[in-house]
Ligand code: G3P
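Heads up, the chain below is alone and in the form predicted on its own; it's given as structure tokens.
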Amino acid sequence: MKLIIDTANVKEIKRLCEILNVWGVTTNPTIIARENKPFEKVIAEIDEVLDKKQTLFVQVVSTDYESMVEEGRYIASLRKNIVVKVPVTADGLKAIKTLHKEGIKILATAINNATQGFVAALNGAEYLAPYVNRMSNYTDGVEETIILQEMLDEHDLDTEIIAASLKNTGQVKELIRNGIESVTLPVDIADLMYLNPATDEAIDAFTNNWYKVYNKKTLR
């Protein structure tokens, strides 16, 4: 199981990497623009926080084939362990084919149904990012993601799904329960994976009971 964080905020990345076993970080143009810093500075700061084994995903901004390919090559040059995100438009699918032939790793993104993901896998994308919650506006996003995984398995495609656009831990649990191996979570949902008020209440009770007897809140 791969837990990925969907943010470009360096402080949050560092904090969550200290708490959780974070496999990598996903970004997109909106997430990077939110930091209000030059693109190269954002990427450099994230690179300083991540270790060499952690994967960084960065998305192209252009929408035409030629520019997507050019940006994909540039992104691939920024870091050794980096994956280029390309949306599954007609031009994007064409760019995925070209970049894949050049040995550049691709995450096909903005997937809103299983067939989009499947054709991206056929074009050579190593990873697929179905937008689970957005799909839920039209169909069952969790179920559509599971169907995509079944399609990949049936045709022996080793492309990996990274479920994205997740809005609650219930969606995450259902995906993991049904064999989806990777999810990318916004910071608030990542925190909800481990935070629980009932746990805090239990710890407070343990601490208070200890204090009543030993007049301290530490073991020694």
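All of these numbers come straight from a predicted model, not from anything done at the bench. Throughout, we count residues from 1 along the sequence that is shown.
Not pictured, yet referred to below: the form predicted in complex with this ligand.
A.B. asks: Can you tell me if residue 31 lies within 4.5 angstroms of this ligand in the predicted complex, counting non-hydrogen atoms only?
C.D. replies: Yes, residue 31 sits close enough to this ligand in the predicted complex that at least one of its heavy atoms falls within 4.5 Å.
A.B. asks: Using heavy atoms and a 4.5 Å limit, would one call residue 55 a contact residue for this ligand in the predicted complex?
C.D. replies: Flag for residue 55 set to no.
A.B. asks: Indicate whether this ligand has at least one heavy atom within 4.5 Å of a heavy atom of residue 182 in the predicted complex.
C.D. replies: No, residue 182 sits far enough from this ligand in the predicted complex that none of its heavy atoms falls within 4.5 Å.
A.B. asks: Indicate whether residue 165 is a 4.5 Å heavy atom neighbour of this ligand in the predicted complex.
C.D. replies: Residue-level check for residue 165: yes, a contact with this ligand.
A.B. asks: Specify the contacting stretch among 95 to 103, 129 to 137, 144 to 152, 73 to 81, defined as having any heavy atom within 4.5 Å of this ligand in the predicted complex.
C.D. replies: Stretch with heavy atoms near the partner: 129 to 137.
A.B. asks: So which bits of 66 to 95 sit within 4.5 Å of this ligand in the predicted complex, heavy atoms only?
C.D. replies: Only 85 sits within 4.5 Å of the partner.
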